[in-house]
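Read on for two forms of one protein chain; each stands alone as structure tokens, with the labels structure 1 and structure 2.
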Structure 1
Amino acid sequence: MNFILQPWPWYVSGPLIALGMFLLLLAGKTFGMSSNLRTMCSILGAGKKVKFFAFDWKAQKWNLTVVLGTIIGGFIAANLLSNNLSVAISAETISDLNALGFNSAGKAYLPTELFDVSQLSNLKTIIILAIGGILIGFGTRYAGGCTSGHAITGLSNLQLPSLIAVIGFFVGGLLMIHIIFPLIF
């Protein structure tokens, strides 16, 4: 049982994610998480002002159910299936992060410098999380998918648009980590 409580290696996790996608296909649906954001906008009434959100969101209830499942899954994994939440990133990564001021590197699941609840009174943290969120929401809808829809489902289905999108994910990610991070942290 102990191996379940440890972090799962990539060769267990990757196949399980593929299995999730496969089961969803067998259930008649495609794996894509970012479209839920559009659905939620529609539920919140965005369809009254913007056409893009005027659609029958009830047809997306299945995907919101998947979302609910991932929330429950996160709860189970963190509370019942883990004995140590620290993430064993490489020594090199830890020292790079320490240099940027992230002293929780290697000791926590998420950087406490951004995700500790006490940080909600820190304006810089709020701005960072907010800008991150806007970029995620805008970018995924513009690109028509995120890691699940493009990098997993789209590439598995050998779709060129998904390859272009995934290259974009990396262009943006590398720019953020290598160019912008040293300026903001």
Structure 2
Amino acid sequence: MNFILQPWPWYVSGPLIALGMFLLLLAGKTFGMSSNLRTMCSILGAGKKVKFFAFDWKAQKWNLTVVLGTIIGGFIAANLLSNNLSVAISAETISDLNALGFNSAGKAYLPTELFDVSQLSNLKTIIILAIGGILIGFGTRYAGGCTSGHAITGLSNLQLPSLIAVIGFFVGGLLMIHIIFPLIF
């Protein structure tokens, strides 16, 4: 059981990801989570009103099993395979987050100052989450995919646009955490 409970080393997880990508390439499929949002909208009938959603969603239904597996796997990992629901982060990071007002740093899996149910009555939190969601949704469509699609599938296929997108993800993350994040909090 310890093998499942501990993080897997790169020399195990890396080849497993590569094997999965190789099998997807052989099957002529691509992997990415954001494309499932388009599929779900198409299933729910959005293709009748918006041309972008008018496509054969049945050809993508295999990818919905990835979403289902992610949800089930996350539930199993959090509720059955986790004995400590806090993230192991350095004391310096905890101190920095505490200075920004995140007192749950090092004690909770997600910052309760943003993700606790009680925060739904906090206007600032709702605005931050709504703007973040809109930016992520726009960004994934504008970039032609999400981080998993570009970083795993795109780079595996040696696609230059995916390399540019992944570099953009990292630069955007650095700008967010070092410039925008301190301004918001």
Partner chain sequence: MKKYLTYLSIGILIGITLFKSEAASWFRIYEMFKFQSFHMYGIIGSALFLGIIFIQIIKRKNLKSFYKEAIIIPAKEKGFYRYFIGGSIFGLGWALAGACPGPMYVLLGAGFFNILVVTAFALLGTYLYGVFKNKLPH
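Reference numbering: structure 1, starting with residue 1. Worth saying up front: this structure is predicted, and the values here are computed from it rather than measured. For clarity, a rigid core is taken as the largest C-alpha set superposing within 1.5 Å between two forms.
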> Just checking, which of these two is the form predicted alone?
Replying inline: 2
>> My question is whether P15 is one of the residues whose C-alpha shifts by 2 Å or more between structure 1 and structure 2, given a fit on the rigid core.
In response: yes
> Cα of I164 displaced 2 Å or more between structure 1 and structure 2, core superposed?
Replying inline: no
> With both forms fit on the core, has V67 moved 2 Å or more by CA between structure 1 and structure 2?
Replying inline: no
> After superposing on the rigid core, how many Å does the CA of A27 move between structure 1 and structure 2?
Replying inline: 6.1
> Where the core is superposed, what shift in Å does the CA of C41 undergo between structure 1 and structure 2?
Replying inline: 2.7
